[in-house]
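The chain below stands alone and is given in structure tokens; this is the form predicted alone.
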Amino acid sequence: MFEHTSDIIFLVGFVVYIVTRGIYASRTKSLETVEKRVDAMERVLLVFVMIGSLLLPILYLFTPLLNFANHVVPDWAIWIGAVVLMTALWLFWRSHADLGQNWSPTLEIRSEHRLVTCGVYRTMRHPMYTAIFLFSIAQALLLNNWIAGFSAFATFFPLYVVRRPREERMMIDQFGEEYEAYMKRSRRLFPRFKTNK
């Protein structure tokens, strides 16, 4: 079924990614939402993300529909892709674990919502987005197809551009000065390392 080792590596990572999200979604499913900020634009962008991150990789892996866009992934890209994939999966899991009951798949405030500034959130405000970007890069490096390989990044980037400022506005509205102070001591996607002066 799979012609390339890189396809198998990606598929294993893909399953881990989906299972991780499913576990944390089921843990927070019954929690009460007190505020939700999702509009039509975000819903449309989420549909595109589902197509790019789920549907197109599955079509590439299990059908010949995208074969016209196949290419050969060099060995060095497979090794780098595997390392990036493992890093992405660890950060994706750690982000969910650190958020715990405060995680939601869309822009929501839950009852008893608290600001998480520990773990991977200590120096990064959006480590889960970082993990998704890393996963998208791994997908491009591992899949032997121009369309399925780059579809996750191409569809997630617009969602990130739209969602990130809305999410930070929602957090400022909810947590006020506490979140503003957190913004000053953290970075969006990459950790802030302290330098000794």
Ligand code: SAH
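Please read these numbers as outputs of a predicted model, since none were measured by experiment. Throughout, we count residues from 1 along the sequence that is shown.
What comes next is about the form predicted in complex with ligand SAH, which is not displayed.
Handout entry: Contacting member of Ala97, Ala77, Val83, Leu115, with respect to ligand SAH in the predicted complex [4.5 Å, heavy atom]
Key = Looking at Ala97, Ala77, Val83, Leu115 one by one, just Leu115 meets the 4.5 Å heavy-atom criterion.
Exercise for the section: Evaluate Thr87 for contact with ligand SAH in the predicted complex, applying a 4.5 angstroms cut-off between non-hydrogen atoms, and reply yes or no. Expected result: Outside the cut-off, so no.
Exercise for the section: Indicate whether ligand SAH has at least one heavy atom within 4.5 Å of a heavy atom of Phe133 in the predicted complex. Expected result: Contact check for Phe133: no, nothing within 4.5 Å of ligand SAH in the predicted complex.
Exercise for the section: Give a yes or no for Tyr182: in the predicted complex, does one of its heavy atoms lie within 4.5 Å of a heavy atom belonging to ligand SAH? Expected result: Contact with ligand SAH, yes.
Exercise for the section: Please run the contact check for Thr123 against ligand SAH in the predicted complex: heavy atoms, 4.5 angstroms, yes or no? Expected result: Result no; Thr123 lies far from ligand SAH in the predicted complex.
Problem - Any residue of 137-172 that, in the predicted complex, places a heavy atom within 4.5 Å of ligand SAH - result: Heavy-atom contacts within 4.5 Å come from Glu167, Met170, Met171.
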